[in-house]
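Listed next as structure tokens is one chain, alone, in the form predicted alone.
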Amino acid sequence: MPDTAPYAEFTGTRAAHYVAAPHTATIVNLAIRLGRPLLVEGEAGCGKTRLASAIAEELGIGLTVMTVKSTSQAKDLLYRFDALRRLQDAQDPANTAARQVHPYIDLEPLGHAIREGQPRVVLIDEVDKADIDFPNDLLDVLDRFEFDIEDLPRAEDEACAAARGFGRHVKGPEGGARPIVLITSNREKQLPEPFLRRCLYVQLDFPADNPAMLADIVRRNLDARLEQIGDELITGAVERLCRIRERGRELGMQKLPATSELVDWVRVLHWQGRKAEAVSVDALDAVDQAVLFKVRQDIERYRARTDDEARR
């Protein structure tokens, strides 16, 4: 079993700019105790990426963020072999380092976290952007939290360990802590079942049934002093945004406004000196639409519904 002693309980309420639902905090703590990666999904703007920073902030540990690209390979998270620099150095007869591989091997963020064995949150962001081989190649690494540097010749194992502090096989120190690994997905493609089996899963939903939580999220993320904005504007904006989302769901909108749009909207209402109760869900103006909606077709659908309401 992994060593979970270094990690305190995550409550989801102590980070400066983030609030996690109680069931989300429970699943985070289970993932830590089981030593399992946590796969996080949910609609855009509901805090998938920021959950990792909230965990690191509340637990008082470091955070490493790795953003996955379409060209990413699993080994890119673990180590890097600078073959080009070795080739350039080999042009100089006096450079004897180029005769070996290990001077050109460096550990990447996940590799460092595994080797150090120190409490840390590791975020693998948007795993579904990469090819299907990417999550498949991470299976054993996330299962055992150790890996082999395939580009390092076995004959250089001891020399690399002496010079770099790690050999061909990399694992954490005895009794070290496993990193807390969060993996986000936007469901751009189906993840392989063997990968899913190794993860705990949490879905971050917009808390429409918890206006107090939404208001708390807004307060924590405002730049202006709260006394300047006031609870009346915040609670009014929360109520109207929930109604706008209901209408957007009826219209089949592609991107419903979420918490990030809500925070921006409260700022805009404050700057413009407007009261939330003066905003008509049936007649959003161009500014409100620009802040709340991100897809042209969504704006057109909502505007058409508004025009229909006005003609009745």
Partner chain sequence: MSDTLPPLLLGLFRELKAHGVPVGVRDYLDGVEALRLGFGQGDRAALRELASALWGRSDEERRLIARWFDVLPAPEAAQIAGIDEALDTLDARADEPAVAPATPARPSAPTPAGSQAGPTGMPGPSPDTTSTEAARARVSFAAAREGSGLPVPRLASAPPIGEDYVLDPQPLISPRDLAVLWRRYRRSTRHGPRTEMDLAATLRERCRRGLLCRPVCRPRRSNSARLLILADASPSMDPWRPFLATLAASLPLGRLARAELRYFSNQPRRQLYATPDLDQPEDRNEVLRRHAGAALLVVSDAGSARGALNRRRALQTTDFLDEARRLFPAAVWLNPMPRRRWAGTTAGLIATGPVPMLPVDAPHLLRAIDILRGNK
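Remember, predicted model here, so these are calculated numbers, not experimental data. Residue numbers count along the first chain shown, from 1.
Form predicted together with the partner chain: not shown, discussed below.
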- request: Choose from 210-218, 153-161, 236-244, 196-204 the stretch whose residues reach within 4.5 Å of the partner chain in the predicted bound form, heavy atoms counted.
  value: 196-204
message: Contact check in the predicted bound form: H23, R36 and D133 versus the partner chain, with a cutoff of 4.5 Å between any heavy atoms. Do all three pass?
response: yes
statement: The one option of D106, D143, E116, E232 with any heavy atom within 4.5 Å of the partner chain in the predicted bound form is D143
query: the partner chain isn't shown here, but in the predicted bound form which of A56, M66, V263, I27 has a heavy atom within 4.5 Å of it?
result: I27
- request: With heavy atoms only and a cut-off of 4.5 Å, decide whether V101 touches the partner chain in the predicted bound form.
  value: no
query: Using heavy atoms and a 4.5 Å limit, would one call Q91 a contact residue for the partner chain in the predicted bound form?
result: yes
task: Answer with yes or no whether Q228 is in contact with the partner chain in the predicted bound form, where contact means some heavy atom within 4.5 Å.
output: no
- prompt: Is T96 close to the partner chain in the predicted bound form, meaning a heavy atom pair under 4.5 Å apart or at it?
  reply: no
query: Which of the residues spanning 103-117 lie within 4.5 Å of the partner chain in the predicted bound form, based on heavy atoms?
result: none
